[in-house]
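In structure tokens, the next block holds one chain alone, the form predicted alone.
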Amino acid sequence: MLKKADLHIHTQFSDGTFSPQEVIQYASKIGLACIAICDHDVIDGLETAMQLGEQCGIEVIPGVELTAEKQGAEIHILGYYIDWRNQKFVGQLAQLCKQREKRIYDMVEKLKAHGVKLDVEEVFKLGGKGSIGRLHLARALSKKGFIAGVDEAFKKYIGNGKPCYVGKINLTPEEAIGRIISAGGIPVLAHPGVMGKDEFLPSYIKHGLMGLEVYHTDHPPALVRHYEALAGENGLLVTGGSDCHGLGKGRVLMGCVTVPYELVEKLKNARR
């Protein structure tokens, strides 16, 4: 039986609903051999997940998903095999989390201007102890009945280019790539088909990008083929994962997108 990996999973320390324990339990239940925890701008769930994974025979790759911005577009950079105890890196993540908090306040104010009056504390309650993000805001809007579901929040209000979207992310993708490399990690462009900014790819590669997340829940077959080709043309590693947020997106996506373990081995071999 071929070993399978899901290399993009979130916990409740960012905008997932599963604890690290629940992530490991579910991964074990569906027979995954390897997962990567890639919370947004935070690494707080890694230690517990790695310890429990070792006990359950599930390999857990320490990862992170950094939020960056370039020419008004939000770009996400995954970092695999990061040194998550690197104090400089941990401090940089703390700064990003503060920016995230400010961003939520700004989006709530914009929503009020569009007739959607939401108490910002409702968002932070959903965020718990981890990094706060747009999915928390979308869930709060849905909980209060302003929208039918989280997808509507992004399509109508807080998605890129929508009236209540707020950028102001003080980190470029190139800087995010540099931070991941400095922390000993492998930088990979997350869900490029969702970002829709292929023209930025040469700059990312110049600054050290090492891979593309080719396989993703939101990548239909045509996009998968497109990014397989781009990865091959540019000598980039190929990764993939479900981008599971527990029940944050309505259903558990873990295992819906997997990659063969040989791609994990290629990631390991690429470590500096």
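Residue positions are given as counts along the sequence shown, with the first one as 1. Here the structure is a predicted model, which is why all the values come from computation and not from measurement.
Just so you know, the form predicted together with adenosine monophosphate exists too; it's not on screen, but the next bit is about it.
With adenosine monophosphate left out here, work out from 115-123, 150-158, 78-86, 181-189 which stretch has heavy atoms within 4.5 Å of it in the predicted bound form.
This holds for exactly one stretch, 150-158.
Glu74: touches adenosine monophosphate in the predicted bound form, heavy atom cutoff 4.5 angstroms:
Heavy-atom contact with adenosine monophosphate at 4.5 Å: present for Glu74.
Does adenosine monophosphate get within 4.5 angstroms of any non-hydrogen atom of Leu135 in the predicted bound form?
Contact check for Leu135: yes, within 4.5 Å of adenosine monophosphate in the predicted bound form.
Spell out, yes or no, whether the shortest heavy atom distance between His245 and adenosine monophosphate in the predicted bound form is within 4.5 Å.
Yes, His245 sits close enough to adenosine monophosphate in the predicted bound form that at least one of its heavy atoms falls within 4.5 Å.
Is His40 a contact residue for adenosine monophosphate in the predicted bound form, using a 4.5 Å heavy atom cut-off?
Taking the distances in the predicted bound form, the answer for His40 is yes, it comes within 4.5 Å of adenosine monophosphate.
Could you run down 94-114 and flag each residue that has a heavy atom within 4.5 Å of adenosine monophosphate in the predicted bound form?
Result: Arg100, Arg103.
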